[in-house]
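Next comes just one chain, in C-alpha cells: the form predicted on its own.
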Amino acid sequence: MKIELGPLSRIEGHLNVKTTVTDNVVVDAQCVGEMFRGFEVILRGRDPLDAQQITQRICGVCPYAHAIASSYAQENAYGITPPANGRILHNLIQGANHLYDYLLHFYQLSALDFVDITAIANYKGSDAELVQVKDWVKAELASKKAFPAAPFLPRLEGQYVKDDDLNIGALKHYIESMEIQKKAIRASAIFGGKFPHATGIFPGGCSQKPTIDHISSYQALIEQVRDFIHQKYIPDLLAVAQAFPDYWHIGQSRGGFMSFGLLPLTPTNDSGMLPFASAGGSRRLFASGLLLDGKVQPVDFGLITEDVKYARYSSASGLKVKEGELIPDPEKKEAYTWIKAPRYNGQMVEVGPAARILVDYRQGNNQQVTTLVNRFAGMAGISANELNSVLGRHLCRAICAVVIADFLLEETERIDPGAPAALELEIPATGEGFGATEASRGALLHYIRLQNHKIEKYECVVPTTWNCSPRDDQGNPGAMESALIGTKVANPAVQIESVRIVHSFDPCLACAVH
C-alpha cells in the first residue's frame, strides 16, 4: 500500500513523505521537497557583504544561523579575526534564537502529536485564553467542520495523553510559550537589530555597540526564558516521555551523526576554518565532530559531497562543496525531490540536536552536557544510544536549551562595554572561506569564493538537506527516510507514528531547497 503523508503540517516549508506499507510496517519512504528557490544563483556576482543579509532570507525561523555562517565564511576569506566583543555578541544573538526555536518546536510544532486537545472540553477553570480554546474545541467537536479550532483540530487518529490535568497544563504552557518565545526574540534583536533577518550581524563582529542598558535588558529577558525552560518545558517533555516510552525506540536513523560545533568560547578565529581543515580549532560550547560506529573523528569539509541522482538537478553528482553546481531539471527521470543528498565520505549522517549532544557527550567536551544526559537518561531508564529516537531528539533539544540559557547569562558578563564590537573591513579582490555553525536544526555550512571583489561562487549545505535527503547515487536513504523505514503503524492510511518521527526532526524545507 502506497500512502502519501503530505502536505505535512506543523513544519517550515513544503514537504511530502511518500510511504509504502506492508503488513502495517513502513517498508519504503521518500522525502519530497516540493519547490525550488536557488539562493546560490542569486548570490553570484554580488558584493560579498550582501551575503549575510541575503542568506538570512533562506529561512524566517533560523535566519541568524545563516548570517553567522556567512560571516564566518567571509572572515575566513578575508583572513580576519573578530574582536572578543564581536564573537560574544554573535553568540548572544544566535543563542537566544536557539532558545526561541526549541520552545517553538516543542509546543507549537510537536506537542499536539501527543497532547489530547479534546481534554480542554472538561476544563472548569477561568483562565480566559483556555476558556476561549475550550469554546473553539467544543464548537469543532459539535460541528465536525475543519474550522474554527485550528491549529488544534482536526487531528490525526491515534493514542494521546490520557491525563486531563497534564493535557490542560500542557495547553496552558503552549499559550504561555508564545510570550516566552517573544522574549527570546527580543533578546536577539537587542544586538541583532531586528527579527527576523538581523541587520547587526557582520563578518568581523556586530554593528551594535554593547551598553550596560543593553546587557541588563538582555539578561532580564533570558532569565525569564530560562525559568520557563526549567519550570514548564522540561517537566512537560518528561511527562510526555513517561506517557509514550515506546518512542525512545522508534524513529532511529541508520547512519552516523555530525555536528559542526556551536558558540565559540575564545576570540581566536574558530569560525575561520581553513579549507579542508578539521572543524576543530578553539573550543566551542558544543563540540564539533563526526560520530561513526561509536567513535568521534574531526570533520573534514573536503569529504562532504552532494549526490543528485534522485534530485531534480542535471548538475554533476558527487561534487564537493567547493565545486557545487545548481542546474534545475524539473522533468528529470527517477528524481523525486528538489533536495540534494549530502554525504560525508559516502556516509549518510544525521544532524541536529541529537547529533549535537551525542558528538559532545562522546568527547566529554562540556561537563554540563554529560551531567544532563546521564541524569535524564537515568530518569527515563535509557542509555545515551537511545537518544537516536523520537523522544531522544526532543530531549536533546531540551538539554541544549538548558546549557545555552546558562551560557548566555555567563557570556553577558564577559562583554567589555568600552571595547570595539567589530572590525573595519577591507574586502580583498580574491579569497575563499568556509563558515560552519549549528543552526537549531543542525550542521550548517557556507562556502564563499571571491573574484574581483565579487562573489564568484556561494554554496550552502544546510541541516534539513542532510536529514531530508533523498537516496544517494548508491540507493542509500537519507536520515529521515531511514528512520521511517521499519516503523510499525496502527493505521497505514493515517500513520501518526510516522508523523511523530517527521516532526522529531523539525524539518525546514525552505532551508533544504534553498
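It should be emphasised that the depicted structure is a prediction, and the values quoted were computed from it without experimental measurement. Residue positions are given as counts along the sequence shown, with the first one as 1.
The next section is about a form of this same protein that is not shown, the form predicted together with a small molecule.
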- Message: Within 4.5 Å, heavy atoms only, one stretch in 306-314, 152-160, 165-173, 436-444 touches the small molecule in the predicted bound form. Which?
- Response: 436-444
- Does the 4.5 Å heavy atom contact test between Val61 and the small molecule in the predicted bound form come out positive? yes
- At the 4.5 Å heavy atom threshold, is Val462 in contact with the small molecule in the predicted bound form? yes
